[in-house]
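Only one chain is included here, represented as structure tokens and corresponding to the form predicted alone.
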């Protein structure tokens, strides 16, 4: 029996005819070049008026599925399959382009991609080398940890209570007085920034930060509709500048006062006090990103949070830079209402950080394993920093400047000439050498490279810097 449109359908007759014809083409019954029946034949078959058939044919022609050939009739076009494929699949490009999260800069996308390949020499990676990770000790500690059913289930909204109590004791060494209810366990400091962006600030809020800045290489605030504004912490008109750009908008000040990423700079105590007092007066909360402080080579520095008596500072810590990035454990120290709010959002996002990872971190900090590991790690990083600085002194002194590293992972290398561009980045990448160019931290920076001595082997560092030197000498 030949098909006919049904009066019981929610679709009109011409819409049913269009769908039927599309099915004939999609199923292959009407292949490319097939001549379809005349309007009169189709009207008789469908038991409808010819005007209804004409309307259906006009729509299919407009969609590119059919075409008329003068004097010959109507045929299935040679692009009909592509048209149908595009119409049946979601337009993912449109979805992606209209999404709220801002894409990474192309250079950062390449860095993220090529960091996965073993043959790449990673001169800029902000991560510990596998040989610096305490793999054997972590494996042994798994045998020492006692687990019960509750400890490996879903974490409570704020995180493992034992870990939060352990952190309270640990943070006292940094001059930070806290209670477990003031700590939220997060999956690394980056998640902390994401939670703050969507949980504490309205669209259009102002995010103050220094330049160059880690924030320029990630986009949690920009994607949430925030306005980024750079300031100089030691500018004599800092208070006036903050007030002018803040106006009546919500705002927050992001900073890395200890071993800044990417520069490695440490703030002076007076600079911390000055910023804290200004922000307190203007009611601008401060995010203190303190994930590198345990890697200071020779001394500790007081935190901004240790100056805080009014809940002005949101303090971020993590073991990603010191123990293992794969554990994905960090923390926020903040007033209780803030922790409650961010914990609620975190539960909506991932239902808590890894329960097993939290148990591991609690065990390492409480037993002293963590502190012993840090002593050894600092010594190894200090030796690596000396190694790379020796190469720079012998080979780069005439073309670049830098400051001696005080800890952490990085040396902020500044070339005398503006040679750090996408071409240099790609030329090195073609030689299997990956750098972090300054322009990903400060738009337009063509002088700097963030060199890391934490990941590549000493032999790779030597090889990579030699290739960099050759390229620079040809510029």
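Treat the numbers as computed from the prediction; the structure is a model and nothing was measured. Just so we're on the same page, rigid core means the largest C-alpha set that superposes within 1.5 Å between forms. Positions refer to the first chain, counted from 1.
The following text describes the form predicted together with another copy of the chain, which does not appear among the structures shown.
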Q. Heavy atom to heavy atom, is residue 156 within 4.5 Å of another copy of the chain in the model of the complex?
A. yes
Q) Are any of the heavy atoms in residue 45 no more than 4.5 Å from a heavy atom of another copy of the chain in the model of the complex? A) yes
Q. Is residue 165 close to another copy of the chain in the model of the complex, meaning a heavy atom pair under 4.5 Å apart or at it?
A. yes
Q.
Test of understanding: in the model of the complex, would residue 94 fall inside 4.5 Å of another copy of the chain by heavy atoms?
A. yes
Q | Selected contact from 374, 142, 265, 391, since only one has a non-hydrogen atom within 4.5 angstroms of another copy of the chain in the model of the complex | A | 142
**Q.** Residue among 236, 348, 78, 72 with a heavy atom within 4.5 Å of another copy of the chain in the model of the complex
**A.** 348
Q: Given that the partner is absent here, state which listed stretch (227-235, 383-391, 398-406, 112-120) has heavy atoms within 4.5 Å of another copy of the chain in the model of the complex.
A: 112-120
Q) Relative to another copy of the chain in the model of the complex, which residues of 314-331 have a heavy atom no more than 4.5 Å away? A) 314, 320, 321, 324, 325, 326, 327, 328
(Q) Could you check, with the core superposed, whether the Cα atom of residue 21 shifts 2 Å or more between the shown form and the other one? (A) yes
Q.
Given a superposition on the rigid core, I'd like a yes or no on whether residue 46 shifts its C-alpha by 2 Å or more between the shown form and the other one.
A. yes
